[in-house]
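Presented as structure tokens, the chain that follows is alone, the form predicted alone.
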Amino acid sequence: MRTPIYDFVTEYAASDTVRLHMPGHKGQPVLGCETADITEISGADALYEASGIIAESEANATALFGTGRTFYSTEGSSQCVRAMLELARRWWQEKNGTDWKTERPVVVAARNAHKAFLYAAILLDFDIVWLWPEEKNASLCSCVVTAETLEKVLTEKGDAVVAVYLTSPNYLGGMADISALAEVCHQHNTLLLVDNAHGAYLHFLENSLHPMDLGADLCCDSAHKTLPVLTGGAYLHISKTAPRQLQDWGKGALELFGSTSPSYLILQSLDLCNRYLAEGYKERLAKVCGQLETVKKYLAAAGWQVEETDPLRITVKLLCGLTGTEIAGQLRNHQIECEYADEDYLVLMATPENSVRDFDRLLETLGKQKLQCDVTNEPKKIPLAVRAEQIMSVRKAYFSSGEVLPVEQAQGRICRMPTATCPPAIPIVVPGERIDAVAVKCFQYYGIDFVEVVKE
């Protein structure tokens, strides 16, 4: 497969051209990567007006993922999340001919949304109807939603619904039933948007689990999270079956939220990743998935509670005794760094770039840990999702005057900022909601000491 962006930049770096253009380093290797760092010069195409090498590379990605159109982002899935919601807003307005002054748009969303979703709500000014987790003992990160619940909500809200927004896989690796939820959305002539930041690889499994192959209309992948792409590289996918206008509007929606100076280092990595995916990736992916299944079985046999997750993740739930944070610290002492840890969970992410030696070191280290969990230990009580009262819109709250308070003093006040630790960047209370006693306990549980509230 051709790599047009990488080839162009490589040839340009070798041409000894006098660089009387940006960037300011002029290709001189002060840091070491400057020769490959360029801007939108002649022949380099332009990300948001692509008709040359970027367009060719994005066409390669489109073919690999089997979508209607796949676009690049150099600002992560956060840019793509905003673009997806803008595309849905525009389609909803064109479809209904609705005047925003007379009818407020609504996005139905699972509560475990990343804070990027809330910033999109602030910028685009839509209301949110939350889908709450249906499983018992749901953590901050999880939010199982059934097709029956979604059907009920969409029937109740009617034509005001702009789109349905889900996160799958979630930060702990839980997978939504995209096929069933997509069917409900389409029965209601509603778009399904999926934050698939952690699942770019899912299309390349023997049986694809990628949202685009399961019925989603729009989807974002953080390529850098699970593929060999530089941090910030992401995809915005538009389904073949989605309204055709979305493909035509895609670049404009991305440009609305993107820098006019996209990173050509990131673009080259996305470009090179196409060849990587086309040449034996499925076999390498299948191999590492098999290795991870063996690791999970070993850990389960050793007494660890290993959760059901997407194939490239190991999530261990700590019911009592040691916390995920403590386990992560002990792993760090053995030069093993996890993806995420809190009081209740330890999350490890792998790719085909991990070696068998990596997994052997993990098993050797975890095998030395004592679970410290017996009948005398009382199981930990994980705070459930906070169902706070919405007092004002997310946008109005955010643009209100605010003040920062210790969480102990915030009960009864209206949240101004989507306070969340990152990762997983999932707010406990969203702007415009009243902070109640349960929210205060959740803040304390997750180590959040201060929260910004609307000034009275």
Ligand SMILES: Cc1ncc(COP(=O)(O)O)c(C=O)c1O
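So that there is no doubt, residue numbering starts at 1 and follows the sequence shown. Everything numeric here is computed off the predicted structure, so don't read it as measured data.
There is another form of this protein, the form predicted together with the ligand, and it is not shown here; the text below is about that form.
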| field | Segment assignment from 103 to 111, 223 to 231, 200 to 208, 184 to 192: heavy atom within 4.5 Å of the ligand in the predicted complex | value | 223 to 231
| field | Contact at 67, 71 and 274 by the ligand in the predicted complex, all three, heavy atom at most 4.5 Å | value | no
| said: Can you tell me if residue 324 lies within 4.5 angstroms of the ligand in the predicted complex, counting non-hydrogen atoms only? | reply: no
| task | Evaluate residue 76 for contact with the ligand in the predicted complex, applying a 4.5 angstroms cut-off between non-hydrogen atoms, and reply yes or no. | result | yes
| Can residue 92 be called a contact residue for the ligand in the predicted complex at 4.5 Å between heavy atoms? | no
| message | in the predicted complex, is there a heavy atom of the ligand that lies within 4.5 Å of any heavy atom of residue 264, even though the partner is absent here? | response | no
| said: Only one of 268, 309, 167, 139 gets a heavy atom within 4.5 Å of the ligand in the predicted complex. Which one? | reply: 167
